[in-house]
Every structure is written in structure tokens, then in C-alpha cells.
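Just the one chain here, laid out as C-alpha cells, in the form predicted on its own.
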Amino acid sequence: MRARATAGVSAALAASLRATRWLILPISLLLFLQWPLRDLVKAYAREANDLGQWMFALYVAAAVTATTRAKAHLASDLFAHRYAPATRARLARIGAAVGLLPWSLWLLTAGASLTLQSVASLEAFPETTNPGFFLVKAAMWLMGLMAFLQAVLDVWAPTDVRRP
């Protein structure tokens, strides 16, 4: 039963990360278009920047968990590369339980009211008053949620289900 549930959570998390990776294309396009819009068209550069900001926030929120799943974080590996695979797996579980779970829970609880207020008011960007700033704050909470789910998978899931 637990293996089935964790496999479902892992598959859903993997699917959302796969979908989010495609945000890099419109982000790149918006960053490319900012200067021509500002210098040639003389309009819409600020809108392109604001749109790019909230897309980038969502992208980074997913990228943190994607990097964890791919085991691609920068890490000091002075001694650990010599450890047996079982020891490394045990250390990864301990690290998720001691580091990632508390951090993600703190982010979820501390950011909940800030995120809810921002989303409820459909907060706009302060400098431009363009809509969408609430998505930047929601991305922070989403990052905490994805990190929490990944930490739970890393701690309690069977090894074969943690990283599809």
C-alpha cells in the first residue's frame, strides 16, 4: 500500500517537473524581447519583464526539486564518494529527514499566510502595477510543497520508487 502511494506521488511529481521544464523557452523569448520592445517598439518591455519574472519563479521552484531528484546539487564529496552505495543511500535519507523536511515544512507554514493574502488579493507587481506578482509568491510556496514531497519520498519510499 505504501509503495503504491509513494509511486503515485513520485509519478505526479515527475510529471509536474517535466511540464515545468518547458517554461524555459518562453522565459528565454521574453528576456530576448525585452530590449527590442524597449528600444525599438518603445512599449511592452515592462510587461515582458513582469511575465518573465513570474514564469522564472515557477521554473526555479520546480528546478530545486528536479535537481534533488537528479542528484545534481553541488555537494562536498570529499569522503562520501568512497562510501558503499548503501551507506550513501542511508546518508541521503538522513539528510532529507534532518535538513529538507524541516526546511520545507518551515517554508510551507511561514509562507502560507503571505501566499494566501497575495493570491486572494491578486497582488500586482509593485513597480509596474501589472498583474501576476501573486504568482511569484505562490511559486515560493509551491517550491516548499515540492521539496516536502520529495523529502518524504526520499525518507520513506522504497529505493526503486524515489526517482523514476
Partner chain sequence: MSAFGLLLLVLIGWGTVFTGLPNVVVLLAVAVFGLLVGLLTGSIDAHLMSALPSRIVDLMSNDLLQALPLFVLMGVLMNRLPVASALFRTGIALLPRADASAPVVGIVIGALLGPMNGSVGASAMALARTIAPEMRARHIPLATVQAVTATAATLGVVIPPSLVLILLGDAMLNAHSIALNVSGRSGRVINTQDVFQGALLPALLFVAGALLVTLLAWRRRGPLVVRPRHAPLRLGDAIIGALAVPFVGGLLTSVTLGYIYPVEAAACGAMVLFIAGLVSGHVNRANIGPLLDETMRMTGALFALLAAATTLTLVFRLFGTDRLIADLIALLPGGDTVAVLVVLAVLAACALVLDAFEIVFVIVPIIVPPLLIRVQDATWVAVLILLTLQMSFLLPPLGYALVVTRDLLKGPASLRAMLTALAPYVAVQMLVLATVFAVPALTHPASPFAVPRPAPAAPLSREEMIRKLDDMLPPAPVAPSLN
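In this text the structure is predicted, and so the values were computed from the model without any measurement. Numbering follows the first chain given and starts at 1.
Separately, the form predicted together with its partner chain exists; it is not shown, and the next lines address it.
Proximity of P131 to its partner chain in the predicted complex: non-hydrogen atoms within 4.5 Å are absent; the residue sits far from the partner. Using a 4.5 Å cutoff between non-hydrogen atoms, M140 counts as a contact of its partner chain in the predicted complex.
Contact annotation for T20: at least one heavy atom lies within 4.5 Å of its partner chain in the predicted complex. With a 4.5 Å cutoff on heavy atoms, L116 does not count as touching its partner chain in the predicted complex; it lies far away. Contacts of stretch 97-113 with its partner chain in the predicted complex, defined by any heavy atom lying within 4.5 Å, are made by V98, G99, L100, P102, W103, W106, L107, A110, G111, listed in sequence order.
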